[in-house]
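We begin with a single chain expressed as C-alpha cells, specifically the form predicted alone.
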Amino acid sequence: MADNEKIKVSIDGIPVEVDPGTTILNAARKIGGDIVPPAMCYYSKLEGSGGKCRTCLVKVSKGSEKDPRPMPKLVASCRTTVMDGMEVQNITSNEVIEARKGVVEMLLINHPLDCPICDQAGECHLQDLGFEHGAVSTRYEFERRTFDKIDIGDKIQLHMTRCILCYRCVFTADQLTNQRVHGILGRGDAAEISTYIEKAIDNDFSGNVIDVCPVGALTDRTFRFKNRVWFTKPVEAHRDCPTCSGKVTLWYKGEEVLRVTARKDQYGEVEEFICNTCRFEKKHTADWAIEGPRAVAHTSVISSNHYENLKPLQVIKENPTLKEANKYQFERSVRL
C-alpha cells in the first residue's frame, strides 16, 4: 500500500476512508454523530494519552481484508489503529453496550455523588457518560475511599475523591512545562494524583490541568462556588499575549467575568492551551477584544441561557465605558 493511499474502514455500517495509522476512535470522529465512542482519558492534543479508562471499547467484527477474523476481545478504540477493510461495531453491539455499562460502574465506585455542589456540573463528561451508559443503581456495598482536599497552588484545588485517574493532567504538565511536580502516587486502589510532599504547582501553564480534567477533581479556586455554568454566558474573545495565543472563552454573569478558560472543540478538548496570565489575571472586559457569543450544542444545559444572535458589543451594552474600551481593543486587534 502506498504511503498516501487511504484505508477503508466501516464503523456501525458506515464506511469512511482515513490515513494509515489512524485509530478507530479518530476514524469514528471523522464520521461524527452517535457512533463516536466516548473517551474520558484520550486527548488528541496530548501525546501518549488514552488506554486508561476503557470507556471507548469497541468490537472489531472483521480484522481486515487480508485477515477477516474478528478480534477475540473488545479493544480500546483510542489505541487500536485501523486496517484496510476493517469492520467495527460500537452502538450496534450489545456486547459493547454492556461492557461500557460495566466500565462506567467501575469509574463511579469511588466517585462521590456531589454533583449539586460540584463546580464541574453542567460540563462534566462523567455526568454525560453516566447518563448515557450508566446503570440505574450500584452494586458496590463497601465504603468509598476518600481524600482531603488540598491546594496545589494559589489558584488550583485538588479534590482527589472525584478523580478517575485519567492521567490527562499529568500528560499536560509533562508536555507544557519544564518541570512536573505532580503525578500518580501509590498503586492499585491506593493510587492517587498528588504533588510530592504537597509541593505547589507553579508555572505559566499550570491552569491548563483544570481544563483537561474531565471531572471535578481539579478546579479553579477563583471560580469555586461562584455560579453554575448554565447561569453564565460564554463569549469568545482574544488579546495580544506574548506567552500564548490569547484566544479564550470568557464566562459572563451580567457584566462580570467570572472565569476565563481555553476554547474547546465538540469533544471537550482544548483547541489551544492558554497561559495563567490570560486565565487568572485578565478578568475585565476592557482587557479583551470580544468576538461574540460562543456556539453551544443544543444538548448542553448551558444552551438554556444562551444568546447566539446578539452582536459582540451587546454583551456589555449597559456599561458605555466598557463598551468603548472593548471597541478600541477589537479595532486594534483587527489592525494588527
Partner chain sequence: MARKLLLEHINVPQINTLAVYREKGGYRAVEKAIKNMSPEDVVEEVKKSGLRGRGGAGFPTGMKWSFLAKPEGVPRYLVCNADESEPGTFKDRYLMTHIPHALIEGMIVSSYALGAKTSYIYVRGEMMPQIRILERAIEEAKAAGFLGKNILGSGYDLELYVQPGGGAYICGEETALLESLEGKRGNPRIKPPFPAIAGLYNCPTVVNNVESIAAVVPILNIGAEEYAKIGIERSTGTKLISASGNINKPGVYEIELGVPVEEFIYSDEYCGGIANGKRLKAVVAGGSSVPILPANLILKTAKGDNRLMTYESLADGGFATGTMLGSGGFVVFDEDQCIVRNTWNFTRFYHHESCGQCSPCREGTGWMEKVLHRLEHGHGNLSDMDLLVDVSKKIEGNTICPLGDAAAWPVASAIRHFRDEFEWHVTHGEESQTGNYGLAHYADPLEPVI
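For clarity, every value in this text was computed on a predicted model and none was experimentally measured. Positions refer to the first chain, counted from 1.
This next part talks about the form predicted in complex with its partner chain, which is not shown.
- [ ] Could you tell me which of 256 to 264, 106 to 114, 209 to 217, 232 to 240 sits within 4.5 Å of its partner chain in the predicted bound form, going by non-hydrogen atoms?
- [x] Stretch with heavy atoms near the partner: 106 to 114.
Open item on the list: Given that its partner chain is not shown alongside this chain, does Y252 nevertheless sit within 4.5 Å of it in the predicted bound form, heavy atom to heavy atom?
Closed with: Output for Y252 is no: heavy atoms all beyond 4.5 Å of its partner chain.
- [ ] Using the partner position in the predicted bound form, report whether L57 sits within 4.5 Å of its partner chain, counting heavy atoms only.
- [x] Judged by the heavy-atom cut-off of 4.5 Å, L57 is in contact with its partner chain in the predicted bound form.
- [ ] Evaluate G51 for contact with its partner chain in the predicted bound form, applying a 4.5 angstroms cut-off between non-hydrogen atoms, and reply yes or no.
- [x] G51 belongs to the contact set for its partner chain.
Open item on the list: Even though the partner isn't displayed, in the predicted bound form is I150 close enough to its partner chain, meaning a heavy atom within 4.5 Å?
Closed with: No, I150 is distant from the partner.
Task: Contact test, all of L74, E98 and G186, partner its partner chain in the predicted bound form, heavy atom 4.5 Å - done: So, yes: the whole triplet contacts its partner chain.
TODO: Have a look at V82, C169, I156, I164 for me and say which one sits with a heavy atom within 4.5 Å of its partner chain in the predicted bound form.
DONE: Exactly one residue meets the criterion: I164.
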